[in-house]
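The data below hold one chain only, encoded as structure tokens and taken in the form predicted on its own.
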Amino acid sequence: MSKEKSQKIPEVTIRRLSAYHRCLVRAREEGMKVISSSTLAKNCGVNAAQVRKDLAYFGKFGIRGMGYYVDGLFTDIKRILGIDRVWNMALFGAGNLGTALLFYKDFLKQNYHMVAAFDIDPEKLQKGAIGGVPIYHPDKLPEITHREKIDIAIIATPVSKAQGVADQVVQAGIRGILNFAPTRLSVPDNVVVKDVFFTNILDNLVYLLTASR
């Protein structure tokens, strides 16, 4: 059993690993071969001790007194996060938010591929595709899930439709859901849901702005 599988990793550590990965992307673009923990920490807005602690959950990295090989650490973090493979995604709800997500091309840089979209609007279905992504009626979900090997569902429907969509997604065998609908979804224990509630994030931002006056 790998070290990361043998212990519970704090979710905040996983979020920082994603930040380290983005910093390493920039370091590679700048031609850096080696990066110190202090430089990586500064670029990611944390301290060097935190970087070393986070990485220690997953093994030994870097060379004492020298730092980390950029390419090596980049590859290791991709493996740890699971983004060293392609993840196929499908969007549910091609409204304003959903359409914006279909045109978001940076997904491709992280090995996230939007392979299908689902909506019940006849006008959208008549278009056949949005942002180059084929759009289907939800009745075709089982067929498309099997054919495209969909890993992750992105729910961007109205609240009233979200739970029903989640039920369809689970029944189709999709085990990952990114939920933009501002409601909690009820799913089996083997399905992972991550909520993205914009108003919650704004509430936190406004609180910090108010508290800092």
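Since this is a predicted model, take the numbers as computed values, not measurements. Don't overthink the numbering: it's just position in the shown sequence, from 1.
Keep in mind the form predicted in complex with a further copy of the same chain is missing from the figure; the text below concerns it.
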Does each of Trp87, Tyr207 and Ser212 have at least one heavy atom within 4.5 Å of a further copy of the same chain in the predicted bound form? yes
Between Arg184, Lys161, Arg28, Arg52, only one gets a heavy atom within 4.5 angstroms of a further copy of the same chain in the predicted bound form; which residue is that? Arg184
Can you pick the one in Ile177, Val70, Val170, Ile144 that has a heavy atom within 4.5 Å of a further copy of the same chain in the predicted bound form? Ile177
Would Asn96 count as a contact of a further copy of the same chain in the predicted bound form, using a 4.5 angstroms cut-off between non-hydrogen atoms? yes
Non-hydrogen atom contact Phe107 with a further copy of the same chain in the predicted bound form at 4.5 angstroms: yes
Examine Cys44 and determine whether its closest non-hydrogen atom to a further copy of the same chain in the predicted bound form is within 4.5 angstroms. yes
is_contact(Leu81, a further copy of the same chain) in the predicted bound form, heavy atom dist at most 4.5 Å: yes
Which single stretch, out of 30-38, 44-52, 162-170, 61-69, brings residue heavy atoms within 4.5 Å of a further copy of the same chain in the predicted bound form? 44-52
